[in-house]
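A single chain, nothing else alongside it, follows as structure tokens in the form predicted on its own.
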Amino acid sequence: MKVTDHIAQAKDTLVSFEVLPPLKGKTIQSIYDHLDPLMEFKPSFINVTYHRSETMFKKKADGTFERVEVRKRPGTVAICAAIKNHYNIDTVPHLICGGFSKRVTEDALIDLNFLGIDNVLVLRGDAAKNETNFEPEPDGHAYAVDLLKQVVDLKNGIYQEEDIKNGGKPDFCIGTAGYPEKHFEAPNLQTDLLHLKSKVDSGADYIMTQMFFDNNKFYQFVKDCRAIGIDVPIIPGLKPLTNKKQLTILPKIFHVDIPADLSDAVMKAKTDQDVEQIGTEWLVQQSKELKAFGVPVLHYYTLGKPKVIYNTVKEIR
């Protein structure tokens, strides 16, 4: 079932979660252990992130170094299929530009279609760790909008091999990312909104936002989107603060502001347990206000903190 179908049929604000693939060497049971408590809330769908390979240099016996590509969190497509089968719940795999050629992307989409997965979240993804700026793969996509257009082409039966005629038309529901505080590479918020509109005009069915901690920024983002003709559902992405290090890590990596009231309370906390309590209370209040605002879905980035998310959703249900 598509994300947009879940939204259309809902009588109240829905809940969804996002998980990381386990590190290589761990089993699928680690995902089940993570999600089992959260199933109490009957989430409408589960997102599974994708992490591109990393370039590493391993020393050989002769003293020289060999360049190898290592994927520390493999298996996004398989994990989505496992979650769907285990819980009978819809899954949303993240699809990124980095590390993919157009043909590899097409093969991944075909695999998803074969597995009965009809949702994807299309992202550009981050630059490789050894790159200052994002560099696409040879015959890959440089921008999320181009990746999105490839998914739309496949929906219309247009394949990379031009000799494929009357091919299948996988009917994916396509999500795309939105940034209430703008993408860090955009020169200004207005330009970023225009890029977002181009993705919606190209076929994105809904928007999933980057995390934020100030609801007013989300409200303004929705208002600005509607003002330029973006009319698809906008789903807020939410994440709790759980330790003091996040006060510097989250703004640095995700380019988000942390409100002064929240950061002041965290700085005064004596332990990470205290910080987790503060973060949970803030997330509960955010969730209640967003629900009252009428958001279609509350999407929680669980990312190793299922207990915090469990306590939050328990409070608002």
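All residue numbers refer to positions in the sequence shown, first residue = 1. Fair warning: this is a prediction, and the values are worked out from it, not measured in the lab.
What comes next is about the form predicted in complex with a small molecule, which is not displayed.
Colleague: Determine which one of 208 to 216, 240 to 248, 78 to 86, 153 to 161 lies within 4.5 Å of the small molecule in the model of the complex, judging by heavy atom distances; exactly one does.
Modeller: Selected stretch: 208 to 216.
Colleague: Even though the small molecule is not shown here, does residue 125 get within 4.5 Å of it in the model of the complex, heavy atoms only?
Modeller: Yes, residue 125 is a contact residue.
Colleague: Within 4.5 Å, heavy atoms only: does residue 204 come near the small molecule in the model of the complex?
Modeller: Judged by the heavy-atom cut-off of 4.5 Å, residue 204 is well away from the small molecule in the model of the complex.
Colleague: Report whether the minimum heavy atom distance between residue 120 and the small molecule in the model of the complex is within 4.5 Å.
Modeller: No.
Colleague: Taking 4.5 angstroms as the cut-off for heavy atoms, does residue 50 touch the small molecule in the model of the complex?
Modeller: Residue-level check for residue 50: yes, a contact with the small molecule.
Colleague: Exactly one residue in 72, 183, 103, 197 has a non-hydrogen atom within 4.5 Å of the small molecule in the model of the complex; which is it?
Modeller: Answer to the contact question: 183.
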